[in-house]
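First comes one chain, alone, set out as structure tokens in the form predicted on its own.
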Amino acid sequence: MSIIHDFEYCKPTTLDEVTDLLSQHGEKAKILAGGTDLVVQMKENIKMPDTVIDIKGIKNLHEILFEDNTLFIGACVTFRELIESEIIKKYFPLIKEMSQTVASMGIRNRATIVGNICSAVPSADSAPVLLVYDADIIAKSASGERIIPITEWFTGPKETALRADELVTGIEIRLTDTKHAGRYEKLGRYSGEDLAQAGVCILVFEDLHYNVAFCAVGPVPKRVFSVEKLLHGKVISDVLIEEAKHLLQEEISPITDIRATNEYRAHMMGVMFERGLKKAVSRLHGGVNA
């Protein structure tokens, strides 16, 4: 299928050029990085921008940096680059684990983690991981830069807090000094390329603090603060897990679609939560990294 409508293609080399173009065109302009969503949507006439702004020529948007205990992932960094990054492997292995579950190798070679959260589909794989890490989204416009906490980013299905005159330049995550370990559990229909039917991510800290987030079982990816409060300060036991699973069911609102029924999603969220929590705890205490 071809793109049948006309549009202006721009490939700026500086962020100032990008923000100037966004100021001029607003909603009629779309950012192109990986293009795995945008190009498909343009072919299907879901999106028909007057201007496409290709940001791949801006060098610093391709960077993965770790300075002053803070990770920066540029807007053009692909999932493949995250998988191969020594920085990610050493300091944020949960991001690597999640990245390996995204779609197919071909998609991972092109798709970006920033594009994944900008698409804001409820099943976005990167969302639960970024949520448990308390990531910040860096947005830039002609009037300046602002930082949007990931907990405030998703405003609805396929909707975000990003304004029409802004682009995301990257994601920042502060590395905590407290020893921690995590696990991302994804449910798909088969091994290989698939969207998440359900996903849950758990980050466990040595001081008995727990971060939990989900995707694909509600209108937006979400932190589960009620479950975190229940677990806080407690050693994991089978009784506690059952209490947490019951509370988790009150926080999710899965739908029935072509990929799964709401009942199946709800049941599997409990299974995945227990599995993921136990694996995260095992990793924290030096267990098998699987």
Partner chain sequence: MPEIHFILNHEKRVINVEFHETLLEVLREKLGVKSPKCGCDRGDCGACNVLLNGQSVRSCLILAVEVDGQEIVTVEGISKHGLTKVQEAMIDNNAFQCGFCAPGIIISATELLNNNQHPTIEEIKEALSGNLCRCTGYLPILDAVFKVSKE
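Residue numbers count along the first chain shown, from 1. The shown structure was predicted, so the numbers you read here are calculated from the model rather than taken from an experiment.
One more form of this protein, predicted together with its partner chain, exists but is not displayed; see below.
Trainee: Of 180, 140, 108, 96, which residue is found within 4.5 angstroms of its partner chain in the model of the complex when only non-hydrogen atoms are counted?
Mentor: By the 4.5 Å criterion, the partner-contacting residue is 108.
Trainee: State yes only if every one of 9, 39 and 80 has a non-hydrogen atom within 4.5 Å of its partner chain in the model of the complex; otherwise state no.
Mentor: The answer is yes: all three residues contact the partner (heavy atom, 4.5 Å cut-off).
Trainee: Quick check on residue 257: any heavy atom within 4.5 Å of its partner chain in the model of the complex?
Mentor: So residue 257 does not count as contacting its partner chain.
Trainee: Any chance residue 5 has a heavy atom within 4.5 Å of its partner chain in the model of the complex?
Mentor: Heavy-atom contact with its partner chain at 4.5 Å: present for residue 5.
Trainee: With a 4.5 Å heavy atom cut-off, would you call residue 244 a contact of its partner chain in the model of the complex?
Mentor: No, no contact at 4.5 Å.
Trainee: Even though the partner isn't displayed, in the model of the complex is residue 44 close enough to its partner chain, meaning a heavy atom within 4.5 Å?
Mentor: Heavy-atom contact with its partner chain at 4.5 Å: present for residue 44.
Trainee: In terms of non-hydrogen atoms within 4.5 angstroms, which of the given stretches 97-105, 212-220, 154-162, 141-149 touches its partner chain in the model of the complex?
Mentor: Only one stretch qualifies here: 97-105.
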